[in-house]
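Consider the single chain below, provided in structure tokens and representing the form predicted alone.
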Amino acid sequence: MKSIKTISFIGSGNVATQLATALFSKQFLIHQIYSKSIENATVLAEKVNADATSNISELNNKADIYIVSVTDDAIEQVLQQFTHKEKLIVHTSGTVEMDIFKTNGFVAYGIFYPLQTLSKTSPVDFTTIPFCIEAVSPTVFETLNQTAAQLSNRVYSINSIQRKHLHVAAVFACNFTNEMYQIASKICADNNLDFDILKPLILETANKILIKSPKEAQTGPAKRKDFKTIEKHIKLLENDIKTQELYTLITQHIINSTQN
């Protein structure tokens, strides 16, 4: 299989925007951008000198690869509508199986999953972002691996089952952690405290796991089995039953973890 030079995107959201602009900066030719919204397709297309369309039937067969970067629920629909079944195609989802391409009649396909939270406007250093690659054949894998290596220093061969578990782990490490920040921010706001006071602690906690395992880095009353402090915290949260229940559940989980 020849190396990738020309790329078309199916999707124009956060991941598509960051990937397209990053690949464009590496001298890849971005050929077409498809989105249900012609406005969104046009915004991205103008950034990467591509053609925009809101009609998937207008995607031609001139690209070397087609990157599907839409919501998980929409992947099946766009694959059914995309007619160039002989072309190399990938998706960027953390949870959708690779076999979805086979069931929709494709022959050359794979996964091109950047493990990072992305937005259209925040700057991204792709050299630090892990890319998880899976492919239908060794030849396709090598092609995808070479393409990912143009962007990142961290490219991994990960199968669909591993990728699903990695995505769950990422939800705990990122989304759930951010929800904890939101709870902490609300507790601060409710008591006339500035959330900024906690930011050095947040940064120190994140930095610790760069040199220690999360289990080694764990601190706090649950780790110490400081039950008097735990009881005080639970009482302080008595006007917010859901947060109190969450505190109790996580505290017990930490206690159980320290016993293993």
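Residue indices: 1-based, along the sequence shown. Computed from a prediction, not measured in an experiment: that's the story for all the values here.
The form predicted together with a further copy of the same chain exists for this protein as well; it is not shown, and the discussion that follows is about that form.
Colleague: Within 4.5 Å of a further copy of the same chain in the predicted complex, heavy atoms considered, which of 62, 36, 47, 215?
Modeller: By the 4.5 Å criterion, the partner-contacting residue is 215.
Colleague: Where, among 23-31, 203-211, 53-61, 38-46, do residues come within 4.5 Å of a further copy of the same chain in the predicted complex by heavy atom distance?
Modeller: Residues of 203-211 come within 4.5 Å of the partner.
Colleague: Taking a further copy of the same chain as it sits in the predicted complex, is residue 130 in contact with it (heavy atom to heavy atom, 4.5 Å or less)?
Modeller: Looking in the predicted complex, residue contacts with a further copy of the same chain include residue 130, since a heavy atom lies within 4.5 Å.
Colleague: Within 4.5 Å, heavy atoms only: does residue 156 come near a further copy of the same chain in the predicted complex?
Modeller: Because a heavy atom of residue 156 falls inside 4.5 Å of a further copy of the same chain in the predicted complex, the answer is yes.
Colleague: In the predicted complex, does residue 146 have a heavy atom within 4.5 Å of a further copy of the same chain?
Modeller: Residue 146: no contact with a further copy of the same chain in the predicted complex.
Colleague: My question is simply whether residue 104 lines the interface with a further copy of the same chain in the predicted complex - judged by any non-hydrogen atom within 4.5 Å.
Modeller: Close contact is absent here: in the predicted complex, residue 104 is far from a further copy of the same chain, nothing within 4.5 Å, heavy atoms only.
Colleague: Please tell me whether the candidate spot formed by 4, 80 and 98 is one where all three residues come within 4.5 Å of a further copy of the same chain in the predicted complex (heavy atoms).
Modeller: No: none of 4, 80 and 98 comes within 4.5 Å of a further copy of the same chain in the predicted complex.
Colleague: Heavy atom within 4.5 Å of a further copy of the same chain in the predicted complex: which residues of 153-172 qualify?
Modeller: If the 4.5 Å heavy-atom criterion is applied to a further copy of the same chain in the predicted complex, 153-172 yields 154, 156, 158, 162, 164, 165, 166, 167, 168, 169, 170, 171, 172.
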